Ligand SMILES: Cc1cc2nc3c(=O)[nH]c(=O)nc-3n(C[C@H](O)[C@H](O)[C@H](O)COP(=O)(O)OP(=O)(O)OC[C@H]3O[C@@H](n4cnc5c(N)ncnc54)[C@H](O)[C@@H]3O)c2cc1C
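Have a look below at one chain only, the form predicted on its own, in structure tokens format.
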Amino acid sequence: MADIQTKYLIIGAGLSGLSSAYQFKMAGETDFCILESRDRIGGRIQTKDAIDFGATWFNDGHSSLLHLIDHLKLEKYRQFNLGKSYFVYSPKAAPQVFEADQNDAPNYRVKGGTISITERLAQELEGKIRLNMLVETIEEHGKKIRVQTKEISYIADKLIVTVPPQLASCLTYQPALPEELIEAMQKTNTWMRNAMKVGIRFKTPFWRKNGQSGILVGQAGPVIELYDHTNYEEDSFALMGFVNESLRELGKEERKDTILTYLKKYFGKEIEEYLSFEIIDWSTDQFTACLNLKPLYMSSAYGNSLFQQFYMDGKLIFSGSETSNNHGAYLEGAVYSGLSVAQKIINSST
């Protein structure tokens, strides 16, 4: 099959890749394409049954994301935090009970779940996204760049790789990328790669009626963070949070029993009257956690200056939440990086 030609090619249909494509469209560009290895868009944004199992919150300091949400005519709403909250500093001691200051800067969620952002972007980019496209090789092809997937190859003038740097380092590049860049990629921690998130749906938000916020934090127990996850319409009620990684060693049912027994101490027997219970372990996602990556010290710092440069003679550049030098490892970082990299390409092409 003949190579597919396109002006701009983007690898990854997560928030960063979709933001870049949207920036191209807003600039009047039509000759671009997105390749996504998964069978869905969104990357580490995943909303199921009104529960965000991936990226969730943002705040007033995240201006690029807020502007995008407004532009897409989406609605944000404040994260519920009213009532008694718990800080567990020891499994053998009573928890510290506190109430969040309602005058503090709020965190927000998006009506419809975080997936509503990527879905709305995808609607704007209809026909530009190719799913189930697993990239194998990226190589220079004269004055252009060639991307080989399992079944087909694409040739582009410019390429944006939005895959997390650790995973991007596992791809084959011809010619090879600079050693210092590969080392920086391998040492950049992939946001969410070790996260396990639990979502528990209920018929009613009983914790609210009991004067509780739904917030529980602390490293001592099976659940290290928990929050109210009632939706915007207040017709779907849930608690959602992060599970202690030590529970990864347990079987599915034992893990669930351990979590429910723990939460029962703070929220009472009503915690057992759930409608659904689900855990998503991002470490098992091959497109988030790179299985064949050599064990190296990983830095929690994001936005390495090496990621801001072009490679392969100005044809290749990286983007994503981890590469962003503004709010790295946040939704804001993904949007900021996606928009700014696309604009950098547009400027370099004029």
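In this text the structure is predicted, and so the values were computed from the model without any measurement. A residue's number is simply how far along the shown sequence it sits, counting from 1.
The following text describes the form predicted in complex with the ligand, which does not appear among the structures shown.
- Message: Just to confirm, with a 4.5 Å cut-off on non-hydrogen atoms, which of I69, L306, L35, A50 contacts the ligand in the model of the complex?
- Response: Looking at I69, L306, L35, A50 one by one, just L35 meets the 4.5 Å heavy-atom criterion.
- Message: Please tell me which of V163, L239, M185, I160 lies within 4.5 Å of the ligand in the model of the complex, judged by heavy atoms.
- Response: The residue in contact is V163.
- Interface segment, criterion being heavy atoms within 4.5 Å of the ligand in the model of the complex, picked from 192-200, 267-275, 86-94, 216-224: Careful reading of the contacts points to 192-200.
- Partner proximity in the model of the complex: Y330 to the ligand, non-hydrogen atom cutoff 4.5 Å: Because a heavy atom of Y330 falls inside 4.5 Å of the ligand in the model of the complex, the answer is yes.
- Task: Answer for M133 alone: is it within 4.5 Å of the ligand in the model of the complex, judged on heavy atom distances?
- Result: It does: once the ligand is placed as it appears in the model of the complex, M133 has a heavy atom within 4.5 Å of it.
- Query: Might A156 be said to contact the ligand in the model of the complex, defining contact as any heavy atom within 4.5 Å?
  - Reply: Residue-level check for A156: no, no contact with the ligand.
- Query: Contact between F310 and the ligand in the model of the complex at 4.5 Å, heavy atoms?
  - Reply: Result no; F310 lies far from the ligand in the model of the complex.
- Query: If we check the ligand in the model of the complex, which of the residues in 27-66 reach within 4.5 angstroms of it by a non-hydrogen atom?
  - Reply: Result: L35, E36, S37, R38, G42, G43, R44, I45, F53, G54, A55, T56, W57.
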